[in-house]
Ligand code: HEM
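Just one chain is shown here, as structure tokens, and it is the form predicted alone.
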């Protein structure tokens, strides 16, 4: 019964919530799509947290997407023990890289007074969900080895059954509790995206972020008598 609720019905409930959130956010408060960058408040810790987090998590997501689209390639790659070890160690290393970056960002947001002043309840909730996701992912990699095999052999068939509107919870019913938490937490995260500052990822044309120039935020300071004097003689 619990498996049916969490992995048979909940995916559609959370998907409906996400779609409704996107529609509401776009129609009622479309000018809040911005990620509300806090880089101008403090940049040093942000740099050391943002790079490990983004590179680690994006490469991990890429691996998950590849496994979802072509799971046979993952299983074929893992047929050789050396390649399996390489994939598992790479995933584990990227997981620790993402965890280091995320913990650094959390530390920055909770300890820097100016950044903390701009932190909303949604920000805290999203950070908590991300932390659970990374920790459970590492737990799967450490406690239950060869996760790429069971991902391609169990989680992917379940996801495709959900996408085809014929959810088959038997694929995931026997997975460890840590793995089930990891899967359900991922669905919860995507459902909450429209209500957080991460909503800018689902704009009509998100690909423009790949080639747009860097944004520079400058403080506005009134001219002093000295600067006005220098401007006159330029």
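Numbering follows the first chain given and starts at 1. None of these values were measured; they are calculated from a predicted model.
Keep in mind that the form predicted in complex with the ligand is missing from the display, and what follows is about it.
Contact annotation: residue 150 falls within 4.5 Å of the ligand in the model of the complex, judged by heavy atom distances.
Using a 4.5 angstroms threshold between heavy atoms, residue 101 stays clear of the ligand in the model of the complex. Among residues of the shown chain, residue 105 is not one whose heavy atoms approach the ligand to within 4.5 Å in the model of the complex. Looking at residue 88, you'd find a heavy atom of it within 4.5 angstroms of the ligand in the model of the complex. This chain lacks the partner; the member of 195, 189, 26, 55 within 4.5 angstroms of the ligand in the model of the complex by a non-hydrogen atom is 189.
A heavy atom within 4.5 Å of the ligand in the model of the complex is found for one listed residue only; from 118, 75, 92, 126, this is 92. Contacts with the ligand in the model of the complex, taken as any heavy atom within 4.5 Å, map within 139-171 to 140, 141, 147, 148, 150, 151, 155, 158, 159.
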